[in-house]
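What follows is a single chain, given as structure tokens, in the form predicted alone.
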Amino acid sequence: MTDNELIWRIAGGSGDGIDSTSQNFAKALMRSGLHVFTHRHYPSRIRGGHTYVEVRAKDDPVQSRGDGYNFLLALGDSFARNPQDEAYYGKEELKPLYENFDELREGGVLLYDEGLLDESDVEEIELEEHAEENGWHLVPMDLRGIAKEHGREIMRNTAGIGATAAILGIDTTEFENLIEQNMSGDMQEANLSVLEDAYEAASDLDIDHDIEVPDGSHDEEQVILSGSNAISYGALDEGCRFISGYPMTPWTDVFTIMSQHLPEFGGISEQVEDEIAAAALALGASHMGVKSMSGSSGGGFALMSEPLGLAEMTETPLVLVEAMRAGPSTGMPTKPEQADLEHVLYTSQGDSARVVFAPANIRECYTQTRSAFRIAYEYQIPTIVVYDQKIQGELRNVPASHFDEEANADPGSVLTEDEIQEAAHHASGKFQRFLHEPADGSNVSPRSVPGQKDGRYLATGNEHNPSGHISEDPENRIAQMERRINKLDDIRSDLDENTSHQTYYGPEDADHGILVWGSQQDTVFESVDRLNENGHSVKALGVSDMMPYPVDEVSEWLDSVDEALVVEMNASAQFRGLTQKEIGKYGDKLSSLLKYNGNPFEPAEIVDGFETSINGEDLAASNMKYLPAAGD
């Protein structure tokens, strides 16, 4: 963790308002001029179970969660399991305290609701002993009691915010503004009173900590968003007007946000019975000429493999999103992992042709979702945006101007009725939708949509001739297959010329490299800064184009370094394997740093992994795995 920053963690039980309270805390700090980044950790339970959210705040842009944290607000778990289950799950009322001990930094502040604990609980978790050993400042306060004086004890969250503000010297104006904006009547008045009372009570305490909350200001208007927001807004701005889905964590956020906003644009959302129906319904809407999307996570996306194959065979544009979580099977539904890469790349039947983008942050979620729609509808190919629970749930501030781009309702490569009259038709009158050699010399055959005069054709999952009739003729098969597959070469050229999704970071002449994809990119970038400050010579490349793979870009970058560490959140080094498969060399340059315990990397862990890779030492942390390069 660096100096002059606050990393505040609020912990409690699922259903206790931990997420909403942290969002308001982060928003208030952003409005006061700071840059913020949140990290969310929660169990796969609707109510109960230890959950926490970190808010990291600095006067400079924040790229990642930090290393540990320096302030804990522990509220307890109001929905803990029955005491009979303690043999399996421990005493859940206390987990917001003791399960956060390991990462609270030396000299940190631990503010907890003393209404939660009795003397035996304090002794059981050895709270005072841990505090003395680590120099923590213990601050017991009856937050529930303060809340009850003004109504309901659920307002202890507001009391915790007031006490935090007093201890850290934060002005409460922005917190008051948020309460006034989000509440009304008696509830508003009660929360303002709780905030004030807790602030005054904590102001009377003598706590000699050294946490400094920086001062900051923004040069332009900021908004605070998640990756799910950004994906949704990118889809809407690109003209998506239909979404179908079935709820599944963590994809549900995109589905919910889209469902909330589509009616404002004259669009439609449909919740259906399963993921097969969801993908098929979106495919049907797109066939009818509406820009459409669907998505899921893990096992739900597996069910979409049949409609995905149909989209590939019928060359129907479609955008799918796949929100990765820890698997296999149900796995850990609320924990991040990057282990669905091969699943997303290859799930389907036969030799498939699809495009896959993996955005790394909120900005990229917006821009690459827009790219996904453009590519899908120009090239008549399914396109997948793959991300994970980390991006889905984390919030960070972004300039509002990033989203000030022109909307695009263009349906892509769809002919007008006048153009259809001039296009190729079979003697029977059917429109030749699947020409072997389109007139413009591309691999994209002209498209009509149902209802257009003289645009009728057959759309089938079987191999077919130019009019769509089933055909098993060998020459036709070769022509159709090669045209579909060759689209990927055209798309690669398009991306190389117009829209590079790869992100370069660090000094161009660095000796060593870190290669990364998806949500760990910005954490790697912060690690690169630290490594260079420590005397190393390091740069990084974040890759977002999974298919078609940017072979030339990555090869040129790998040629420029002596060796490269590949950082990813899975156990089988899937991105490293993809890189070696696509490029066909560099096995002796590429080593891997892997993490798959349900938590994303922290910057210090990547620093440790890099130094392990160049020094041949053992990893300091046991929660990661290092795989050397071939031959080492």
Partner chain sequence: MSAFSAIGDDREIDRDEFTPGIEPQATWCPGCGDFGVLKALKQAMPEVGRNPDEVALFTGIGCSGKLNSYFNSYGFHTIHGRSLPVARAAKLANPDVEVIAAGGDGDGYGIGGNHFIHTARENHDMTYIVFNNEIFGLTKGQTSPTSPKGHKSKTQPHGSAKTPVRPLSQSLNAGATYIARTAAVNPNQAKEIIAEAIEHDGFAHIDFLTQCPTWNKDAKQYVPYTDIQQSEDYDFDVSNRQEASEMMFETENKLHEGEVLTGRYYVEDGRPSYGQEKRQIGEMPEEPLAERYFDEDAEWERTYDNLLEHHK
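Computed from a prediction, not measured in an experiment: that's the story for all the values here. Positions refer to the first chain, counted from 1.
Just so you know, the form predicted in complex with the partner chain exists too; it's not on screen, but the next bit is about it.
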Check, residue by residue, if Trp8, His137 and Gly331 all come within 4.5 Å of the partner chain in the predicted complex, counting heavy atoms only. no
At 4.5 Å between heavy atoms, only one of the stretches 273-281, 211-219, 337-345, 530-538 reaches the partner chain in the predicted complex; which one is it? 273-281
Can you pick out, from Val551, Ile154, Ala407, Leu205, the residue that has a heavy atom within 4.5 Å of the partner chain in the predicted complex? Ala407
Contacting member of Leu488, Leu310, Leu495, Ile125, with respect to the partner chain in the predicted complex [4.5 Å, heavy atom]: Leu310
When the contact criterion is heavy atoms within 4.5 Å, does Gly108 count as touching the partner chain in the predicted complex? no
Considering non-hydrogen atoms and a 4.5 Å limit, does the partner chain approach Leu116 in the predicted complex? no
Even though the partner isn't displayed, in the predicted complex is Leu236 close enough to the partner chain, meaning a heavy atom within 4.5 Å? yes
Taking any heavy atom pair closer than or equal to 4.5 Å as contact, tell me whether Gly266 reaches the partner chain in the predicted complex. yes
When the partner chain is considered in the predicted complex, the residues of 279-295 having a heavy atom within 4.5 Å of it are Ala280, Leu281, Leu283, Gly284, Ala285, His287, Met288, Gly289, Val290, Lys291
